[in-house]
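Here you get one chain, nothing else, as structure tokens; it is the form predicted alone.
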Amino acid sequence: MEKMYQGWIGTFDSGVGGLTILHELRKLLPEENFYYYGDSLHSPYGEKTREEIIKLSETITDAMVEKGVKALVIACNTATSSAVTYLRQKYPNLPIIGVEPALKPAAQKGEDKHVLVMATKATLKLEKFQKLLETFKDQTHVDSVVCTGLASAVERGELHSKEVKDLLHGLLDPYAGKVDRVVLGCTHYPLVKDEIKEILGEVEFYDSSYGTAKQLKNRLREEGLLVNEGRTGQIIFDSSKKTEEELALYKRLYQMMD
């Protein structure tokens, strides 16, 4: 069987959110080829069970390996939290990079600030995140909000719609003018950063995109897999929905970030 993406970097998310990670990966690694897969047919992951998320993530990873990718980025907070350990055990020789809510840098920056973590139910209830909250509870004030429905609204691509704004008001109005830093704990959320700021005011945003890109570059260098040929790499978009409309949406949202 021909490995059509031999030597490429596989990247996947539950849908369009991982495009925010992909954009940062491309900025830091412009010579690499990226194969992006959005599982929009099964989005959102944040409202599924851990077992469901692991199964979906495994199916995608198996297909990526069959296609010959040299490394994998799980560009989804929920999938990382639920499945990264399992996938690393299954594929110990494949560099697998995940993303996690950027609570640590937001809390460690210093000063007595109020931090708000926006994330899915699946991410917030996991033991690793709860341990992070416990670690920083004496350093800064941290609140978290389960943003049910937000990833689904973003997934439809209507970022500035009344639906998105009404949903955000319902989630964030209690925190308006009261928080200093916002941790965007789902890769979909940076796509509506402007709408969030309209409600909360002037806040600092923290997400995992740059840290993920830096970690990938370091890992590729360590493994001797880094491309250094002075070329411009390719990006291929793919989706479990397999429609022209969906792929057009991926490309449009990605280009919006340029």
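Numbering starts at 1 and runs along the sequence shown. Model, not experiment: these values are computed from the prediction.
The following text describes the form predicted in complex with ligand DGL, which does not appear among the structures shown.
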query: Partner proximity in the model of the complex: residue 78 to ligand DGL, non-hydrogen atom cutoff 4.5 Å; finding: yes
query: Partner contact for residue 151 in the model of the complex: ligand DGL, 4.5 angstroms, heavy atom; finding: yes
query: Residue 186 within 4.5 Å of ligand DGL in the model of the complex, heavy atoms; finding: yes
query: Partner contact for residue 212 in the model of the complex: ligand DGL, 4.5 angstroms, heavy atom; finding: no
query: Location of ligand DGL contact in the model of the complex, chosen stretch of 61 to 69, 24 to 32, 40 to 48, 224 to 232 [non-hydrogen atom, 4.5 Å]; finding: 40 to 48
query: Contacts with ligand DGL in the model of the complex - residues in 116 to 134 whose heavy atoms fall within 4.5 Å; finding: 120, 123
